[in-house]
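For reference, the chain that follows is the form predicted on its own, supplied as C-alpha cells.
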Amino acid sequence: MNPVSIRDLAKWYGEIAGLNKVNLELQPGIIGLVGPNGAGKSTLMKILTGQLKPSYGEALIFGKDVWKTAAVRRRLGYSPEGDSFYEDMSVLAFVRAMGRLCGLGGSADAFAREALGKTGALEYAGKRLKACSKGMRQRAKLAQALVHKPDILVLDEPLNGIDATGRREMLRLFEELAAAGATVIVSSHILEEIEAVTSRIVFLAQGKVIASGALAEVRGLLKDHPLKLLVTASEPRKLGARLLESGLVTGIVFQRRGGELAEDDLVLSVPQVESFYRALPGLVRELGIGIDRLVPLDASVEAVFGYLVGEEMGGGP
C-alpha cells in the first residue's frame, strides 16, 4: 500500500478551481512539488494534512481518508510556509508543546530535544521565538513537524530564509529521513537544490498535474523540445559536421565560453537523446577526437517546467 493515494481530488473556491481532478500515488522517498503561485501546491498540502475538505475525490494516507480519519493524521508531520507562533515561548517549549498535542505525553521533552538536534536548532532551544531569525524559525517549524517521528512529512517552502550551508544540512536531513522509509513531500522555489535530492517531481499548473516522475523521464517526454547540450571537443567543426550528417542533431551553434561567437564549444539541439548518447562514442572514435565536456543546458527543473507550461497553454516555452 502506498503511503499517499490521491484520487480524483478537486477543490473549488467559488468558481475558481484550486485543484482539478488530481490523481497521484506517492511512495517513500523525496517528492518535489513544483509550480507557480496559484498552481495548487498549498491547497494540495492542506488537503493532505486534513486542514481543507476536498470538494470532490479523496486523499488517502495508508488507505484511510485523511479528512474522515483523525487517527491517521498522527502519521503526518507538517511544516507550513507561514509562521504562526506563540512568540513568547522558547523554541524548546514550542516543539515540546507540539509533541504533547501529538500524544507524546511525558516523552515530549526528550522527543523535542531529539528533533531540535536533527534540525540544528538545539543550540538555541532556550531562545524565545520572537527573538529568532527567519532561519531559526524555519528550523523550529521543521523540528515540530518531526517531533512525533511521522511516516509522511509535508513541507511547504522549508528552505526559505535559510542560508546556503543550512539548506545543504536540511537536504541531507531529508535524504536521511527518506532512506529510513519516510515519504517527504517538499514544495520549494529553490529548484536547483531540490532537484538534486528528489526521487520524483510533480509539476502542477492551474490546479492540474501536468507531469510527474523522475526529472530525466519527464524531460524525455518533451518530444517537441530537443535537448540542448553543451559540448567541448578538440575539433568542434569536425564533430559538428559529422553530427549533422548523421542526423543525430537538428541544429548546432558554435560558442565561446565568454559568449562571443567562436568554435570553442558546440551547443547541440538533440531530438532523440538516447540515440545520441548511444552513437556518440563510436563517432568520436571514428573521428579520432576528444571530448572534454558534455553538459545538458535545459534539463533542469526550471527549464522542464517552462516547457511543460508552454505545452499546457498551447504555446512555446
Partner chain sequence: MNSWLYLFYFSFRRQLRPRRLVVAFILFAVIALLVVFRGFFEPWEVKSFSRWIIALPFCRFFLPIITLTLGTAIIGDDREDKTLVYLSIRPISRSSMYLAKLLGSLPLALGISLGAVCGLCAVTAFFGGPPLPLSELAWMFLPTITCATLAYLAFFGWLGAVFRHATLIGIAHVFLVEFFMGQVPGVLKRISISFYVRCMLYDAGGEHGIGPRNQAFFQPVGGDEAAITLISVAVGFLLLGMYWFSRREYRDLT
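All values derive from a computational prediction rather than experimental measurement. Positions refer to the first chain, counted from 1.
Another form, the form predicted together with its partner chain, is not on view; read the next lines as being about it.
- Proximity to its partner chain in the predicted bound form, defined as a heavy atom within 4.5 Å, holds among Ala279, Ala70, Leu287, Val253 only for Ala70.
- Of the residues Leu244, Leu101, Ala131, Ala180, just one reaches its partner chain in the predicted bound form with a heavy atom at 4.5 Å or closer; this is Leu101.
- Checking 160-168, 195-203, 144-152, 112-120 against its partner chain in the predicted bound form, the stretch whose residues place heavy atoms within 4.5 Å of it is 144-152.
- For the chain shown alone, Gln51 is a contact residue for its partner chain in the predicted bound form, at least one non-hydrogen atom being within 4.5 angstroms.
- Under a 4.5 angstroms non-hydrogen atom cutoff, its partner chain in the predicted bound form has Tyr78 among its neighbouring residues.
- In the predicted bound form, its partner chain lies farther than 4.5 Å from every heavy atom of Lys64.
- A residue is said to contact a partner when one of its heavy atoms sits within 4.5 Å of a partner heavy atom; Phe85 meets this definition for its partner chain in the predicted bound form.
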